[in-house]
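Presented as C-alpha cells, the chain that follows is alone, the form predicted on its own.
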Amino acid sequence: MLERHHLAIIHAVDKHGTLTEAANALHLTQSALSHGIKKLEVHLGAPVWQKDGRRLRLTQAGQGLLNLANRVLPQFEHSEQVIQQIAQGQRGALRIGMECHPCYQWLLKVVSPFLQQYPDVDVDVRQAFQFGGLGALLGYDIDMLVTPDPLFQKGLEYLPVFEYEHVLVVPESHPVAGQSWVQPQDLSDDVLITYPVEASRLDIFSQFLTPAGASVKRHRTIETTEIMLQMVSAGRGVSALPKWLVEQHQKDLPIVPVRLGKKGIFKNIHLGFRAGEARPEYQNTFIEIAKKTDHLI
C-alpha cells in the first residue's frame, strides 16, 4: 500500500541523490529505507529508482510518485500545522449564541480586539430568536451563550463578565426626565417600547411593573435598538435598556436614563458554557477580554 513515508523517501532521494543522504535527512537507517521501498516496488510491480553510479535515478514510476509527493506532502505538512494550532487554541471557530438584544452592542466591543488577537479564529453569532439558546448549547450547535438571565441547570456553567444597570429611557421632555428615579405608577400613562420578547422575560415587567401591580398605557415592540431610541427621542414612548447603551446614544439623541426604583435594577451579562469541558486558549482569551469591557464602553 502506498503510504506517506514512501512519498517522503522518494522526495528525499530526488532532493539528495543518494540513499545515505536521503536516510540521514529522514532520520532512518539505510536498510530501513531500502526495505520500505522494496516492499513498495513489489506492491506496485515496478522499480521506482535505478542506480547511476553512486547516485539514484528515479524511473518513470518513481517520477510519477515524485509528482504526487510534490503535491501531497506540502498538504500533509499544512494540515498538521493547522491541527497543532487548533490543539494549542490558536486556530478554530467560536460560535456564539445571543439571548439578549442589547448585548449585541456589547459583544461588538469584545469581538473587535479578539479578532485582532486571533486572526485564524472565526466568529459566528446567532441571535436568540432564531434558535433555542440552551438547546443549542447542550446540543453542541454553539460554543458559548451570551445572556443576562442565566438558567442554571445540570450540564451548564455561567461566568458573569459585565455588570450594568437597567434603566428607563425617556425623552428630555418627559415629566420624569429630571427625577433621580421613578416608581412603577409613574409609567401608567406611557407607551412602553421593548424588543419582541414575551413580557415575562422583560426586566421592566418582571422586576418593576408586575411586582407592584402596575401597568403601562400600551406595550409595543420594535426589533432594532436604533429605531427604538429614535422613537423614544421623538416622544412616541419610553423604553428600558442598559444604562451604558443609553449613554452611548445620548450625544446624538435627546434622551435621558432614569433609575428604575430607588435601588435600581442591576444585572450581569453572563457567558454560558457546557460544564466540565476543556476550553481552547482562544475561548479563555475571549472571556478575559469580556471581563475588561468596562474600559471599552
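One-based numbering along the sequence shown. Rigid core here is just the name for the largest C-alpha set that superposes within 1.5 Å across the two forms. Only a predicted model underlies this, so the values are computations on that prediction, with no experimental measurement involved.
Just so you know, the form predicted in complex with the DNA exists too; it's not on screen, but the next bit is about it.
Heavy atoms within 4.5 Å of the DNA in the predicted bound form are found in exactly one of 31-39, 257-265, 239-247, 64-72, that being 31-39. Shown alone here, A12 lies farther than 4.5 Å from the DNA in the predicted bound form, counting heavy atoms only. Though the partner is left out of this view, N284 does not reach within 4.5 Å of the DNA in the predicted bound form, counting heavy atoms only. Within this chain, R54 lines the site of the DNA in the predicted bound form, having a heavy atom no more than 4.5 Å away. Comparing the forms between the shown form and the other one, the C-alpha position of R274 differs by less than 2 angstroms, with the core used for superposition.
R55: CA moves 2 Å or more between the shown form and the other one after rigid-core fitting. With a cut-off of 2 Å and the rigid core superposed, R236 has a Cα displacement that falls short of the cut-off between the shown form and the other one.
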